[in-house]
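Form predicted on its own, single chain, as structure tokens, below.
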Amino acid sequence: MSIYLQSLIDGLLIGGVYATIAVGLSLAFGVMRIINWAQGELLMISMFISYWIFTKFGIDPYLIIFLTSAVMFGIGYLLQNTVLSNILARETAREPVSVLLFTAGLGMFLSNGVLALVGSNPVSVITRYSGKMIQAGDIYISLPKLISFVIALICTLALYFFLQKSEMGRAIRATAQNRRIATLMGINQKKIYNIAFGISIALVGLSGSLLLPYYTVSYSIGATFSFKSFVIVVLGGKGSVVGALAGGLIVGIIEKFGGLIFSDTYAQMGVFIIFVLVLLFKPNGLMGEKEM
């Protein structure tokens, strides 16, 4: 029994960080109806930024989150303001395909650029948390995973309350619900898009620093997290922060239990099967609203 409880806890801990990555993707889709196919590659970039800061200056990865989040917010804001906004202005479709193609190309550019600059060898860091465990009876909890989970959960809930309670959050939700009416009410749609996409990428920066203490970094890591992010967004419901949180936890649990009972390969197959089943039988996700 303890081994199953151990897998459940491990799944929840990693699932919380998965959720934070997916929340950014869900936010971008919910507000702008754009699919950011470069989400995983931007996560890879943020992990390399955190790695470089840690190795050069010795700053704790959990303190780097403030810097990486700010840097990635700036990248997201600038990308939306200069490139994506121009693409969106020429698109008439509700869910623009041109943005998907651009971000797919951007992802390939980033992964191959990193491969050319730093090579294919994965890198990792050793911190004062590395290898430390908290024992509770027969259960062992990884300290860095626990810290990352708590920070990820706090930040995800903070974003939820920001969207629900703040003036800017209400403007973002209004734009997501009906762009035309939001514009008529005096909301600056371009500014909202810039901020929403900036927040989306800032969450990726946050997640990169949270993963660094216990995950190796390489040029190819983005593809893995991109797929998981899309599964989580579809599972939880496109545009739903709470749904993305629930979806991340579910995917983390499926991975750990699948790996325990079968193998890691079959666990990933299980995640894909869940993805297909949700698309077939509940396309709006667990907490997504039906589109009008």
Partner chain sequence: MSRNKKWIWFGIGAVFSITLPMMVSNPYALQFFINMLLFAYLATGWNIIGGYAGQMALGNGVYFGIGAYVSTVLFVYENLSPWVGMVLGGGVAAFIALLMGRMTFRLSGSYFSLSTVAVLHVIRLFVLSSNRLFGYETRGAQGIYVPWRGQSFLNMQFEGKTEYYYIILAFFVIGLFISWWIKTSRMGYYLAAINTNQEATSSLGVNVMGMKLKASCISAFMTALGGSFYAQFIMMVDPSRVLGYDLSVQIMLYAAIGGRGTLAGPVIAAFLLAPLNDLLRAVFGTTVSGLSLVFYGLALMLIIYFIPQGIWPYVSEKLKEMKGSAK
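Numbering follows the first chain given and starts at 1. Everything numeric here is computed off the predicted structure, so don't read it as measured data.
If you look for the form predicted together with its partner chain, you will not find it shown, but the lines that follow are about it.
Q: Consider residue 109 of the chain shown here, and say whether it contacts its partner chain in the predicted bound form, taking contact as heavy atoms within 4.5 Å.
A: Residue 109: contacts its partner chain in the predicted bound form.
Q: Check residue 135 for me: does it contact its partner chain in the predicted bound form (non-hydrogen atoms, 4.5 angstroms)?
A: It does not: once its partner chain is placed as it appears in the predicted bound form, residue 135 has no heavy atom within 4.5 Å of it.
Q: Please determine whether residue 55 contacts its partner chain in the predicted bound form, using a 4.5 Å cut-off between heavy atoms.
A: Residue-level check for residue 55: no, no contact with its partner chain.
Q: How about residue 154: is it within 4.5 Å of its partner chain in the predicted bound form, going by heavy atoms?
A: Result no; residue 154 lies far from its partner chain in the predicted bound form.
Q: Using a 4.5 Å heavy atom cut-off, which of 122-130, 76-84, 200-208, 187-195 contacts its partner chain in the predicted bound form?
A: Going by heavy atoms within 4.5 Å, the stretch is 76-84.
Q: Of these, 234, 64, 44, 31, which has a heavy atom no more than 4.5 Å from its partner chain in the predicted bound form?
A: Checked against the cut-off, the match is 234.
Q: Residue by residue through 109-126, which ones have a non-hydrogen atom no more than 4.5 angstroms from its partner chain in the predicted bound form?
A: Residues within 4.5 Å: 109, 112, 113, 115, 116.
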